[in-house]
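Just one chain follows, in the form predicted on its own, and it is written as structure tokens.
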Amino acid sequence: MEFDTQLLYPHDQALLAVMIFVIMLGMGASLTVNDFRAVARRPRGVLVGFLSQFGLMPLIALGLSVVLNFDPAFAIALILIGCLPGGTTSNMFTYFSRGSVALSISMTTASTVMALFMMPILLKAYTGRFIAEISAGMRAAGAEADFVIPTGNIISSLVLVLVPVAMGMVLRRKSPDWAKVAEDTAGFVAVIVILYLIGTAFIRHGALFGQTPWQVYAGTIGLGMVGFFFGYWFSRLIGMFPLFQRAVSLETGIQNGPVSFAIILLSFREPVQSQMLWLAILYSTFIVMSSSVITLYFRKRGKLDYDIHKNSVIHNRLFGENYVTEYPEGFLPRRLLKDPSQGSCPAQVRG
């Protein structure tokens, strides 16, 4: 797929930089030191998230790239996105889906830090064949050097986007009110800017949508949808309860698309940058759409167990940690019989 003109102009890149800063600042504003302590005390959910983020998603991205016979640059971009951590967008959708926001934030925090170590390892392990194809093409075109994954630049990019996270944590400590504003703004800013980028891309490069192979659309949509499916069933199979299943599903399927823009722009050059950037733009667009559909489904399905969860939490706050909420026989569905409180208080665990 050929790109005759640049996809993003300087002002677009500046807008992207502002968006990434706001998103990561908002993520940091939602965190405290106690969040990290909670992760250390209850690592099971984060361990599940780690396996989902860095076990399932990169393999799903690799599998889609092979099955759909992606061009090497598209394949590397999809695998890169599959290796990314979650972001504030997944936290926002988890909230609307009546999932465990605390687990979602914990998974996002842990995966963002772990990405510094895992992304270089996974990219090296899964992109070898595609790197060889690009290198062969470059040599055929007269290039003297082979194509390599710029590991150092990727790590630098990740470190760079973590700076506003630290700033957000400081803001949370100094001014909780402003931190709340930053936290609430982050997810919506991501959606608005991505829609702006797609809108301007359609106006400037409308022909690209028609030139884009159907396989690329299938891959960018499929990565999130397959991630939702596997994240949900993986957490369900190991015995996690619905409130957590929804969080793991959304956290697995929604990767931090804006960070992929930063990594691609800062780390890669032509002849692959435009193709990688185009795939990242398409993924970021379709993940918002598919996440909205999944969230509406989860929100409807999860109404009862979320209400039971909130009811149990209120009872324990009013009457003490040892109080057990009683429900009429047959009221609780099978999936909630053993733990209607979703783990908020040990005394509520049944059976």
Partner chain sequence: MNDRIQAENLALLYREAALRFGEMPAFATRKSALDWSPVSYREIYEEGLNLATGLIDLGVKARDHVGLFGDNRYEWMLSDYAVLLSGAADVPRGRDITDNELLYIIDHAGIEVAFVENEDLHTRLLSLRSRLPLLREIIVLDPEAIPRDGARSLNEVTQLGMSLRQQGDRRAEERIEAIVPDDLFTLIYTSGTTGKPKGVMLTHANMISQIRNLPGHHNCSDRAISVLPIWHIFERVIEMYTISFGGCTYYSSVLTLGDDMRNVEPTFMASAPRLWEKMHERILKNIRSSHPVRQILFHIAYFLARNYTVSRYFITNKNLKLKPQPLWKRALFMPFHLVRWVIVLPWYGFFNAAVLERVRLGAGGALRETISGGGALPIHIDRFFNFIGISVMEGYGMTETSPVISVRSNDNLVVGTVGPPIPETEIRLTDPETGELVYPNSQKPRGGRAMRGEIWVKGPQVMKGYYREPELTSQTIVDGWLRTGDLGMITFNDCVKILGRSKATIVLSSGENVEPEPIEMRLQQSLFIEQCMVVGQDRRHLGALVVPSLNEFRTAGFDVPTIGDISASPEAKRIIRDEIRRMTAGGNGFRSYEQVRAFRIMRDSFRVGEELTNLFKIKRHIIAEKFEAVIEEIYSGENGKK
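Residue numbers count along the first chain shown, from 1. On a predicted model such as this, the values are computed, not experimentally measured, just so you know.
The protein also exists as the form predicted in complex with its partner chain; that form is not presented, and the subsequent description refers to it.
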Original post:
Pick from 279 to 287, 314 to 322, 62 to 70, 46 to 54: which stretch has a heavy atom within 4.5 Å of its partner chain in the model of the complex?
Top reply: 314 to 322
Subject >> Whether D184, P328 and F331 all lie within 4.5 angstroms of its partner chain in the model of the complex by heavy atom >> reply: yes
**OP:** Tell me, yes or no, whether I308 is in contact with its partner chain in the model of the complex, where a contact means a heavy atom of each within 4.5 Å.
**Re:** yes
**OP:** Look up in the model of the complex whether W178 has a non-hydrogen atom within 4.5 angstroms of its partner chain, and give yes or no.
**Re:** yes
**OP:** Find out whether any non-hydrogen atom of F188 is located within 4.5 angstroms of its partner chain in the model of the complex, and reply yes or no.
**Re:** yes
Original post:
Using heavy atoms and a 4.5 Å limit, would one call Y95 a contact residue for its partner chain in the model of the complex?
Top reply: yes
Original post:
Which listed residue (L116, A207, L237, L195) meets the criterion of a heavy atom within 4.5 Å of its partner chain in the model of the complex?
Top reply: L195
**OP:** Just give me the residues of 281 to 295, first to last, that have a heavy atom within 4.5 Å of its partner chain in the model of the complex.
**Re:** none
